[in-house]
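The chain below stands alone and is given in structure tokens; this is the form predicted alone.
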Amino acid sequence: MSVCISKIGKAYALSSMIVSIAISLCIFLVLLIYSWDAIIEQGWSLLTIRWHPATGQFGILSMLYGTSIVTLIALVLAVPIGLLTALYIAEILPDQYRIVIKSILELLAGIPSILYGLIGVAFVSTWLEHWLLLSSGRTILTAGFLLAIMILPTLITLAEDAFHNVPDQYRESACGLGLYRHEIILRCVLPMAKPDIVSAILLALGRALGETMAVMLVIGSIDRIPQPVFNLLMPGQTITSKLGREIEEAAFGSLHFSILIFMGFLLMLTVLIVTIVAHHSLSQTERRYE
């Protein structure tokens, strides 16, 4: 009976893997096919700034810039806070409180992005507008700040798992050598958990790249690169916010539609690469612990 159940389980896992790969491959091919016109007709002219479909100008550079800078802001703000919080939960907080905190964090990670977007519109953008004396609080900085809040639960949960998965024998050996707690953390736990931490950051990056509704509501949605380039208090645009606003306006099969699909294809390709790198890092860690 147990052998039969084991075979059914293996068959189910194998079929699930095949279906997942097939669906991902189909999405990849569909995006590539529908963006082919944009690649052939526009080519390198896509890497310009001006976006004006009525005159045939489809520069996506401002969207690429917006996606990169908003994601960078989110990571700069979230990574230090997330890692320190995860370290505190895993190494200092008593076990009876760890389960409670982990449950709350996992609950926060499941909150729909539209709710974060509404909070951003109602509070974050208003707060930044008054604090920085801006004409509008819907800026690149606001989007990056809100995105950092959104990815924090995911980052903390994954990083805490990374610290918690370090075998206790390493801590005991370090303690036996006379190291203090902070020395055990710095010289033992952090080096051992480094690959998992990198994977956690990359997976959080993948979520940040794909976020749409919350960013769309607070970024201002203006197709331009700020002057100077690092002026984060100006409105901007990301790939996801652009797709969310314009995909319904573009006629199916038109060049405008094809270029929007091409931006989606670039986004999927980026997230796919990040995910593969993250899982490769995780697999290396598992082999080292075996």
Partner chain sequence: MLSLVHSMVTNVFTRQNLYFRAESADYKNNIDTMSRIDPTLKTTFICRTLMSAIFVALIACTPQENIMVAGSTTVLPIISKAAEQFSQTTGISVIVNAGGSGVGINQLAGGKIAIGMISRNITEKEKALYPDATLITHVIGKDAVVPVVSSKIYNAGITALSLKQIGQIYLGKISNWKQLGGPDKDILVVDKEASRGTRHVFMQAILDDKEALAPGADLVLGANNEEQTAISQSDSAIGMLSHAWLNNDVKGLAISLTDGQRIEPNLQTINNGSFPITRNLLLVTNGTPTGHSKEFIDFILSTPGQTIVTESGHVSLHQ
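Numbering follows the first chain given and starts at 1. C-alpha atoms forming the largest set that superposes within 1.5 Å between two forms make up the rigid core. Not measured: the values here are computed from a predicted model.
If you look for the form predicted together with its partner chain, you will not find it shown, but the lines that follow are about it.
Highlighted residues Ile39, Gln42 and Glu172: none comes within 4.5 Å of its partner chain in the predicted bound form, counting any heavy atom. The stretch among 259 to 267, 63 to 71, 29 to 37, 243 to 251 whose residues place heavy atoms within 4.5 Å of its partner chain in the predicted bound form is 243 to 251. Note on the partner interface in the predicted bound form: the residue among Leu141, Ala208, Ala159, Leu217 having a heavy atom within 4.5 angstroms of its partner chain is Leu217.
The contact residue chosen from Leu177, Leu186, Ala122, Ile101 relative to its partner chain in the predicted bound form is Ala122, the criterion being a non-hydrogen atom within 4.5 angstroms. Of the heavy atoms in Ser135, some are within 4.5 Å of its partner chain in the predicted bound form. Its partner chain is not shown here, but in the predicted bound form it comes within 4.5 Å of a heavy atom of Thr126. In the predicted bound form, its partner chain lies farther than 4.5 Å from every heavy atom of Val229. For Leu25, no non-hydrogen atom is located within 4.5 Å of its partner chain in the predicted bound form, even though that partner is not displayed. In the predicted bound form, no residue of 25 to 41 lies within 4.5 Å of its partner chain by any heavy atom. Once you line up the core between this form and the one not shown, the Cα of Leu25 stays within less than 2 Å of where it was.
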